[in-house]
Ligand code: 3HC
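A single chain, nothing else alongside it, follows as structure tokens in the form predicted alone.
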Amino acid sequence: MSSSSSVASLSVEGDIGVVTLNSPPVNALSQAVRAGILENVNKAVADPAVKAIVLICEGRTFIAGADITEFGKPRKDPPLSEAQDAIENSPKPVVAAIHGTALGGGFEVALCCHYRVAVPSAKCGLPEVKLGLLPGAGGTQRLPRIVGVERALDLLTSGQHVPAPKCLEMGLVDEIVPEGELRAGAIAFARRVLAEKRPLRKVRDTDEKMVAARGKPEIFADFRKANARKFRGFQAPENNIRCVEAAVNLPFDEGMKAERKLFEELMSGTQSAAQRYVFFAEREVWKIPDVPADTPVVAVKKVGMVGAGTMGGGIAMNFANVGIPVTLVETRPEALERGLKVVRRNYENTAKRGRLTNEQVEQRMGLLTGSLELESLADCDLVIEAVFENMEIKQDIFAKLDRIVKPGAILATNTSALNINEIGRAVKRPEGIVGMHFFSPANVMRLLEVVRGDTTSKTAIATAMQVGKKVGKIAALSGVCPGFIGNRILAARTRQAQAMLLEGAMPWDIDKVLYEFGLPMGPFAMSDLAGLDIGWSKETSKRATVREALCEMDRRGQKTGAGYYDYDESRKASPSPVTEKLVHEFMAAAGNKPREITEQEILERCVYAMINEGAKILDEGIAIRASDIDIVWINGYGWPVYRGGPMFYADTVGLQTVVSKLEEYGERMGAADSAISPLLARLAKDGKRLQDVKNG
């Protein structure tokens, strides 16, 4: 006997009713899936021949979560809770059969089943926190009843996916069945439940794992304190914690009401809207309108690195990590040796933290070959140059590579600002020249700016994007302009920070505002960390800026114990009287009288200048989408994900507000930043949004 709907069906095998969901690609909890579960579980309950029920999914995964395309839209019946109640209140045991992933609402459905079985490769989790949310279908109330309070707090606030063997250990699943035998294994398990007369185990009715936490608020206080840095600025982790507190201290139904209230608070807030926007933006960034998915690419089986310094070594690690051999070329033996030693030290430090085995360290180092000859790169499929930012040096290297490296190979530059069209003029294969701007430290930072020159072929672009994905980066395409997307916007912020420095704001005043906004650090702390002498030359220095004066005083940042800030032996920063005196000297020389600059002005001038520059980049076609700019800033510069990137943030503030404030600050912004982007002005006037702008 069987019955079916478009996405769900019931078949009866002996005394077991099998409810099968089939809603590609991931069986998300759409209205049709919710209705299918409800209808077919009720049918199985009503069928006297059925003694137990198995809930299983076709395709590559169990229910992988909510249908997030329904977020923000009017709710359609039945609600998920109705389907869950049908499962949990079934008078016949219901067994969830899990493969692939059971995530979010999908795992919350599984937690309503009386038993759960999984294949070894399956993973379960409640990752809603990553979208600025919390599990809103009982996950925060049921999870601590199974795994205990401390583990529940950790799982809910990290959103981690838990492998099936670990789920078994925690009690989240009851049995592991062999790969490829999930259906048969789940049916056999259900028959065993019947034969052994096991009870209808409802998670909601158990609380022994939570008793020890009652009347102990310090458990939650300690957890908040231990994770304060990680959770800084985010609302969702706190609401998840409050839900677990409710689970511990309230009856189940009251806890569910608390969960619903805290869920709605997040769902209607800006942070979750921002994090959901970023979720889609990270998928959109790979789509290039004129470079179709079937564009031919170069098969990259061997990579060459020109330069084994900090960037070159870090970039090389990305390839070794995924099993691609790399030849690193340096001009001097000591530089090459130093570069390879740094790479080894990085790997060994990772091994000390338990993230690599010693065998894996040796395996990856074995993929790295040092050389002093460019000729050793002849057979590479991709060569990346990462040397000093000097156009003449780069053109000379590329002219040599052009003669040496096999035809059809991609020649990439890691330049962070230089014009790759000029580099392209040094070679006879300008179509093979592309920018691949990795961010420092290159083995850690997630962003890769792929830069398209006037002559860069679609194959070169597609290859660079694909390579980025293979080495675990998120790649965003940029056109050619000084600084590309990220550093061009950074320059606008830097100009405002430097201008306000000579108007009366101290470095620590400016840094504090941007840190409290959610950035990892402000511009002056960042300069001290990177080194004030990057790009500075003692021979040509003219003490024309505060930075040059500091460098001449050998205050070059953290590495010298002093820069804009003073540092103690543990590199803890404190405001510097030396810097303050120096700033006042420069102000006097410029004829400026110190004035009080509010935190609001600091934030608006820094951030609105960034937004204005981003709009210019968009208007010029340098970026494909506003969301690509946001992806660059979130992944390359630490813009807080809960603010969605500078373009999304502009939309939340209101473009009319941004434009009117830019007009109000006017000449104070300086020549480069006082000119308002025509696109920004037009969108503000028409009441439209930056996030909807797309080129191509």
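Start at 1 with the first residue shown and count on from there. Predicted model only: the values in this text are computed from it and were never measured.
The same protein also has a form predicted together with ligand 3HC, omitted here; what follows describes it.
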| item | value |
| --- | --- |
| S660 within 4.5 Å of ligand 3HC in the predicted bound form, heavy atoms | no |
| Proximity of T101 to ligand 3HC in the predicted bound form, heavy atoms at 4.5 Å | yes |
| In the predicted bound form, V109 touching ligand 3HC (heavy atom, 4.5 Å) | no |
| Contact flag, L134 vs ligand 3HC in the predicted bound form, heavy atom cut 4.5 Å | yes |
| Segment assignment from 578-586, 431-439, 405-413, 126-134: heavy atom within 4.5 Å of ligand 3HC in the predicted bound form | 126-134 |
| Contact residue in the predicted bound form, chosen from F231, F220, Y567, F71 - any heavy atom within 4.5 Å of ligand 3HC | F71 |
| Among the candidates K287, K202, K400, K559, the residue which, in the predicted bound form, approaches ligand 3HC to within 4.5 Å (heavy atoms) | K287 |
| All of R60, G65 and F279 within 4.5 Å of ligand 3HC in the predicted bound form, heavy atom check | yes |
| Members of 26-54 lying within 4.5 angstroms of ligand 3HC, judged by heavy atom, in the predicted bound form | V26, A28 |
